[in-house]
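In structure tokens, the next block holds one chain alone, the form predicted alone.
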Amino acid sequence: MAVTDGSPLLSVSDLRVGFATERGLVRAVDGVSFDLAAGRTLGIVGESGSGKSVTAKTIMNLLPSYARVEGSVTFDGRDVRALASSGARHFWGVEMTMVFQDPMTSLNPVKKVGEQIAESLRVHLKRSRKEARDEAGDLLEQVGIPEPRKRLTQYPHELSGGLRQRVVIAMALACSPRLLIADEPTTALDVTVQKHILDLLDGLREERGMAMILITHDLGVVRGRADDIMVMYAGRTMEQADTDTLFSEMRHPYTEALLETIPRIDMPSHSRLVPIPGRPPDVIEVSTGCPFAPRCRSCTDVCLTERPTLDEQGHGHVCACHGPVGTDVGAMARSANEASGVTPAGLDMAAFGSAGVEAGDGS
């Protein structure tokens, strides 16, 4: 059954994922919800440990058996968790697939590139050996690998990092998936190669009509490539909106802080970027307030005691903040903290320095 009635291709509702440890339950994902329509791209942005990759691995059924999962994930009207329980063989890797940040973890070092691509074609699409090999060569050509027929006979270690990532993308696209999840797909690559890979993914998505989830820690990566952006922190959604709205009318101080860490082309040379002081919270501890409060310039007393809810900002834009950026409440809170030199959470305002960006600026 294909999506034809305007309903989302992928729908995630109140997703919660925990891992039992000796110290307690790690709440890796805590109440995340989003919809993704066919042919659109969702960017999921946040620091390491924010829950981005766990969200993706939950969708892909890649979590260990001891993970505790609550909430619902549906794909084209089908319950993904029920599919996992029934042992659906031709779903993951066929209808939805994933590209990881390190291609060497996805490639078998002792099998030739052509064999690895052809394997999924033979298993899932029942291609003959010759058909699978021919299609593997075509796929390598589509992802921009020079001399594709020659590469079929090479091993992963004979290729550069950029070419290996293109091979992984070819493998992911082999069965014409309807959803591609790219988890930090360019982290280990040179800057120039990063752009080529990101442009390639976006072009293939548009050409094939796929939906895509692009996971990154860099807001600059998703600008211009994602239709919508979800900002995650400590396993929770902090802000979500379409890309243009998020950059022009950002509301969460964490989104603003992420943007300030990105160098801009119009910055004078030797400009100081603004780091985010501190580190993400320990998600084992149950936080009664906002998880970002200890690192936030706009923190108030209420942020320490009350967990903010995701409130509508207009036109599908939601934000979980007691004093959003661009509001009188947020401006007054920041001014008060600057005047006192310290926030109610004990953050030294001098840690931010004097650099910064206006909401709406970006790379």
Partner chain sequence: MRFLAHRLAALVAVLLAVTALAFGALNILGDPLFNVVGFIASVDCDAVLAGEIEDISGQTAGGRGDCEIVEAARKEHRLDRALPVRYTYWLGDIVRGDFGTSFKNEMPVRQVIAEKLPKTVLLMVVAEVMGVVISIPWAVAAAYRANRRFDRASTVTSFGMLAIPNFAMGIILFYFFVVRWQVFPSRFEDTDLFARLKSMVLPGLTLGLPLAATYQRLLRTDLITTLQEDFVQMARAKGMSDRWIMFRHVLRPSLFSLVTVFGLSTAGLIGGSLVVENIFSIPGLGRAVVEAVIRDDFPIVLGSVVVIATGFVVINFTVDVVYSFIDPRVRRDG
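Positions refer to the first chain, counted from 1. Here the structure is a predicted model, which is why all the values come from computation and not from measurement.
This next part talks about the form predicted in complex with its partner chain, which is not shown.
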| property | result |
| --- | --- |
| 4.5 Å heavy atom contact, Leu62 and its partner chain in the model of the complex | yes |
| Its partner chain contact in the model of the complex: Ser72, any heavy atom under 4.5 Å | no |
| Heavy atom of Thr255 within 4.5 Å of its partner chain in the model of the complex | no |
| Any non-hydrogen atom of Gly209 within 4.5 angstroms of its partner chain in the model of the complex | no |
| Listed residue (Ala182, Val231, Val168, Val80) with a non-hydrogen atom within 4.5 angstroms of its partner chain in the model of the complex | Val168 |
| Heavy atom contact within 4.5 Å of its partner chain in the model of the complex, the stretch among 62 to 70, 305 to 313, 31 to 39, 322 to 330 | 62 to 70 |
| Residues within 4.5 Å of its partner chain in the model of the complex, restricted to 90 to 113 and counted by heavy atom | Trp92, Gly93, Met96, Thr97, Met98, Phe100, Asp102, Thr105, Ser106, Leu107, Asn108, Pro109, Val110, Lys111 |
